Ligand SMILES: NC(=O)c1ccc[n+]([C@@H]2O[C@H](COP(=O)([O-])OP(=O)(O)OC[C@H]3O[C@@H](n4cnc5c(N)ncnc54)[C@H](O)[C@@H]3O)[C@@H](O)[C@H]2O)c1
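Next up is one chain by itself, shown in C-alpha cells, the form predicted alone.
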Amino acid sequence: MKTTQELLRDSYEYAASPFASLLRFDDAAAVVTGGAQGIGRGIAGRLAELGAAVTLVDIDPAVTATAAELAGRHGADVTARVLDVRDSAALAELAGTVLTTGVRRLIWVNAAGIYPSHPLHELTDAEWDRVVGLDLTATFYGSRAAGLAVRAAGLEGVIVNISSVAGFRVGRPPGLAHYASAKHGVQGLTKALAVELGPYGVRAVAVAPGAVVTEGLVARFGDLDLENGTDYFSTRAQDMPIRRPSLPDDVARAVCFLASRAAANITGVILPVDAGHLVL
C-alpha cells in the first residue's frame, strides 16, 4: 500500500498529463465480442481509432470483413476470431494470446448478445437457456477469461459489460422475462467482478443502453424513418428527454471513457446510455 505522500505525488503526476493522453489505448490490447456488427462493431472502431490493438470476436464469419474494414479505416491493428462466446475454453485461450509483448493492459468488452421477446406462456426451456446462455453466461466466461489472464500477467485490465435498461426495469411491452433476467444478472456480475478483481488492478464496469439502432433491431422493427417519425425508433425517441434514437457510437463513446485511464477510479458502476429513458 502506498503512503499518503506517494499518493499525492501520483495525483500531481496524473494532473500534469494531458487529459487527451488518458483517453488513448496505444499500450492496450482490446477484445470485443459481438464485433461483426451493431454495438460491438461501433465500440471496436472507436478503440482502434484511439490506438488499441483490437480483436473482434463473433460467431458470424462476417466479422472477418468487419475487422478488415476497420483496420483500413483507422490504419490500426484489427483482427478477427470466429468463435462461439459460449465456448469458455476458446475465450480463455484467446485472453492469453492477445497479451503479447508490449501490451500493458487488456480491455475486454462483452458485447455479444441477443434481444428476443417471448410471452411467458410461449417461453420454452430451450429458449430461456439460449438467451441466458448468450447474454449472461457468455459474459461470465469472457469476464473470467480476461480477469484471470490479466491477474496472472500482472497487468492492468478493464472489463466492460454491455447490459441494458432492462437490467434496471423491465418496462413494456411484456415478453422479456429471459432477457431482463439475464441483464439484471450482468449488472450483479459486474459489481461482483469489481469487488473480486479490484485488488489485482482490474476494473469492471457496465453500460446499459436503451433501444439502439442496430442491424438486428432494424431487421426486427423496420427501417429508420427520421423524417416522418413513424418507425419504431423515431416513435420511441419522442418519449425520451433526448429526442433522437440512440446509435451504436453513443454506446461506443461511453465505453471508451469507462475503459480509459480517465476513469481509473471508477469501478462497479452501470452507466445508462439511454437518451434519458430511466429518468422518466
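Heads up: residue numbers just count along the shown sequence, starting at 1. All of these numbers come straight from a predicted model, not from anything done at the bench.
Absent from the display: the form predicted together with the named molecule. The rest refers to it.
From the list 188 to 196, 120 to 128, 152 to 160, 83 to 91, the contact stretch for the named molecule in the predicted complex under a 4.5 Å heavy atom rule is 83 to 91. 134 is the sole member of 134, 76, 177, 148 with a non-hydrogen atom lying within 4.5 angstroms of the named molecule in the predicted complex.
Think of it this way: in the predicted complex, the named molecule has a heavy atom of just one of 239, 215, 249, 69 within 4.5 Å, and the residue is 215. Residue 51 falls outside the set of residues with a heavy atom inside 4.5 Å of the named molecule in the predicted complex. Remark: residue 111 counts among the residues lining the named molecule in the predicted complex, judged by a heavy atom distance of 4.5 Å or less. The named molecule is not drawn, but in the predicted complex it has no heavy atom within 4.5 Å of residue 168. The shortest heavy atom separation between residue 141 and the named molecule in the predicted complex exceeds 4.5 Å.
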